[in-house]
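The chain below stands alone and is given as structure tokens, in the form predicted on its own.
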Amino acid sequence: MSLRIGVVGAGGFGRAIAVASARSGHDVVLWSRRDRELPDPIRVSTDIADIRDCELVFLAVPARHAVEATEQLGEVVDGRHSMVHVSRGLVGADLKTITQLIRDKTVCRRLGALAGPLVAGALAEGRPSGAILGTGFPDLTDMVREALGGAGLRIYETRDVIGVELASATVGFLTVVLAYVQEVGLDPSTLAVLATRGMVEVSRIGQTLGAKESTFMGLAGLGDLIAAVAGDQRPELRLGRALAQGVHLTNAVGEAGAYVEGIDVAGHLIEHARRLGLETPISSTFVAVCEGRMSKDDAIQALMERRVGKE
């Protein structure tokens, strides 16, 4: 079955979705702010109105551009459209998810969030990979599987949409932390402690926002973090390494080669947790390092000297 697929955003992930969908035999239009060169038969357009005729829309823009993008989409989509986003970020200090934003800015209600260890390079090249789709519409999962195609791409589903979005957003930050620790030279045991306790820390915050703990321990959370630590070359890894080498945060973001939303997400999560009286030792310590308020030696000492409780 051939689908009419729209992709909003011409970054790495947007282009990968367009390439994978076209390879699967679908009619693909990619919306970009400026003209782009993409292989045939992908059609590139700078007119958002060209999304109107699509059945399935992939929103592939960073969270910081999502408000503008969804406002534009609100002028062309309606209840017939299905929309899936791939953002790893959240919007604003109130931690609004992208699906919540889409509901606010458009009348589209058949929504999903695609996350997990899927990376742009593997998707574009058709290498074996996996992902999870958070949605309340099982038939939307079938559409996404059909769209992205390939026997090697396994897409699981869950109804915990907010859990998928929060887990994906917080993995971005934890990836920076773990890359930092690796570059500093700490051993695998310390890495394992920070990875597992960090995931517990963010899952507790996520549960206060309506997410399920199990989602953080699945593909959207721990599975994605394992892929990152294994070295799938995402920008968060480059950012963490640069920070560990003493590069200032502003310059380190430049060296990452792409905008990394995890630092902003971490700051907002910490504020949310503080209002609820939740402890965030890993997140708080690392944000202090990023902002130059704590040295790496003091940070490691502070974490290791914390009282040990039950797992």
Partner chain sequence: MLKRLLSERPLRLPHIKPYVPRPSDPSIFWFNSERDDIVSDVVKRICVDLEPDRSRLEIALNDAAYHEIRRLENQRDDEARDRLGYWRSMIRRIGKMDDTEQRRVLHTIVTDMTRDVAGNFDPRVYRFARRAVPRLIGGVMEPRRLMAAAPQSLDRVLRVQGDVERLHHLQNEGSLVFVPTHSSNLDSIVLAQALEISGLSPVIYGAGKNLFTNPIISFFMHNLGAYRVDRRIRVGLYKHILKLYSQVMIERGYHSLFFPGGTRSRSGMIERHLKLGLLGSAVEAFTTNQVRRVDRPVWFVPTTINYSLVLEAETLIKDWLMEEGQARYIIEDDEFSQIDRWVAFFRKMVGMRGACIIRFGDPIDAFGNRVDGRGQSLTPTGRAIDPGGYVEQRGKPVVDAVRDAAYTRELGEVLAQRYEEDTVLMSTQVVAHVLFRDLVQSTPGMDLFARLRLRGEIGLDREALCQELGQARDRLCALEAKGRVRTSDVVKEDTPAELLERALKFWNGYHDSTAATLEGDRVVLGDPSLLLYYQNRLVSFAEDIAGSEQLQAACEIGKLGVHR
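Everything quoted here is computed from the prediction, not taken from an experiment. Residue numbers count along the first chain shown, from 1.
The protein also exists as the form predicted in complex with its partner chain; that form is not presented, and the subsequent description refers to it.
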Of T106, S129, S203, Q182, the one that lies within 4.5 Å of its partner chain in the model of the complex (heavy atoms): T106
Want to guess which of 131 to 139, 84 to 92, 113 to 121, 186 to 194 is within 4.5 Å of its partner chain in the model of the complex, heavy atoms only? 131 to 139
Please check if V77 has a heavy atom lying within 4.5 Å of any heavy atom of its partner chain in the model of the complex. yes
So in the model of the complex, does any heavy atom of E55 sit within 4.5 Å of its partner chain? yes
Is A49 close to its partner chain in the model of the complex, meaning a heavy atom pair under 4.5 Å apart or at it? no
Check R275 for me: does it contact its partner chain in the model of the complex (non-hydrogen atoms, 4.5 angstroms)? yes
Considering only 144 to 176, what residues come within 4.5 Å of its partner chain in the model of the complex, judged by heavy atoms? R159
